[in-house]
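The chain below stands alone and is given as structure tokens, in the form predicted alone.
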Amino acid sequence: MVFQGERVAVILAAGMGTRMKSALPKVLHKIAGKPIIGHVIDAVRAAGVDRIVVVTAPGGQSVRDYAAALGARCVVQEAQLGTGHAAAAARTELAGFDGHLVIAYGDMPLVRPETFAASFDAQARTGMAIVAFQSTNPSYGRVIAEQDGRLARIVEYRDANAEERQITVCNAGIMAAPASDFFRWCAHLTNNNSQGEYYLTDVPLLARRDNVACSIVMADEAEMLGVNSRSELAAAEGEMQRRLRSAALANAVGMQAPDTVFLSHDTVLESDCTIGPYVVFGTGVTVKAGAEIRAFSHLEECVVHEGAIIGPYARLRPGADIGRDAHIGNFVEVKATKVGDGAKANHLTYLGDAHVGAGANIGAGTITCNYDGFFKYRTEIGAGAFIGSNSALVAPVTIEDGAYIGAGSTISGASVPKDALCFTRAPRKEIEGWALEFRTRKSAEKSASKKGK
């Protein structure tokens, strides 16, 4: 079967990643909450790629599992014999494919879709294309151009002479070509070089022998950062955060101190919401227009609706759904709970596996006791209910609309009826002079103990 007119990406992800010093494969380390290779897959898809093949090492089952879950096909490079050998490993998986191919790298999370798209466009004009960038970093291969701007050759830095090493146009490794031609050229690669490897960078020379010219697509150096160590992982995170913050600001999100805010790849911040300093967004967060997230709050897998105020020092865990104009204040934690419009929990409260009705007030120190060590249970708090400070609501329990819970109560069992007052305080008791007698007795005991020593 021949597939025509399609685009395919071959993502090389067979590197060992030893400099990461981690049991986790390097391409599964996360940038902005998503594995590195996930960013690469997203980018090539956004560039119009129809099919994706990921090349992995024999021990890369976790990489294969992740890539397959995203709809990619996977092949194994049985031996680490260079980038050209790795790319050629996709040949069998793409047998009969007659479209266009781009080579990408699973450890380069910052390459933009526009760069991949530009490489396809350039390849359509000349027959082949590579991506390059300006840099003086000695670890990169140098791109030697013809007078007309097309590629003459690529030379690895370790194989370059002194003059070639002065060139600042560097090879990114990304390459676009007709798939059938590419695999034919790969079959003629040799390992006659200082590393004894099959270089992908030799493919343009083989194309040139077939009178196929190679375009050079220039991109920003920041896009080309490959992650091979913890420091490079941190650098990639920093660049991704810069992009995400810039996009949020351009979308009219208010940020008092943007450099202190950490976003996830899928954070949705609507225009006119306000984000305070040192706020951290885990994955799956949506903040609606007009909401305010105050300083030092942490949010993940939750929704904050229009006009709500969160924090400072609040934590919204997965399943938190905060209604319009609701207030979640300092040191309040919310998990798997819907908080109704205009409801308030302003201090020192835990709301878990619960529903809080519109306009309800949750006093400081309130806890929904949702777990018995084996199972989770729900707490239902009705609209307009008032929960007094330092209350423990032992689930499963229902506080009906408009009911009041007296401060310091522990409520369990039957529902508290609508508009009722319920409290469980012990009767007050006073013993005259008890405190004075206690202090006197204990002081005497302490003095006697010291003399005995």
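One rule holds for the numbers: they count along the sequence shown, beginning at 1. All of these numbers come straight from a predicted model, not from anything done at the bench.
The same protein also exists as the form predicted in complex with a small molecule; that form is not shown, yet it is the one meant from here on.
For Val10, no non-hydrogen atom is located within 4.5 Å of the small molecule in the predicted bound form, even though that partner is not displayed. When contacts are judged by a 4.5 Å heavy atom cut-off, Pro109 does not count as touching the small molecule in the predicted bound form.
When the small molecule is considered in the predicted bound form, Ala86 lines it closely, a heavy atom lying within 4.5 Å. Although the partner is absent here, Pro25 lies well away from the small molecule in the predicted bound form, with no heavy atom inside 4.5 Å. Among the residues Phe97, Tyr140, Phe262, Trp185, the one placing a heavy atom within 4.5 Å of the small molecule in the predicted bound form is Tyr140.
Scanning Leu81, Ala124, Ala213, Met218 against the small molecule in the predicted bound form with a 4.5 Å heavy atom cut-off leaves one residue, Leu81. The candidate stretches are 98-106, 247-255, 379-387, 346-354, and the one lying within 4.5 Å of the small molecule in the predicted bound form by heavy atoms is 98-106.
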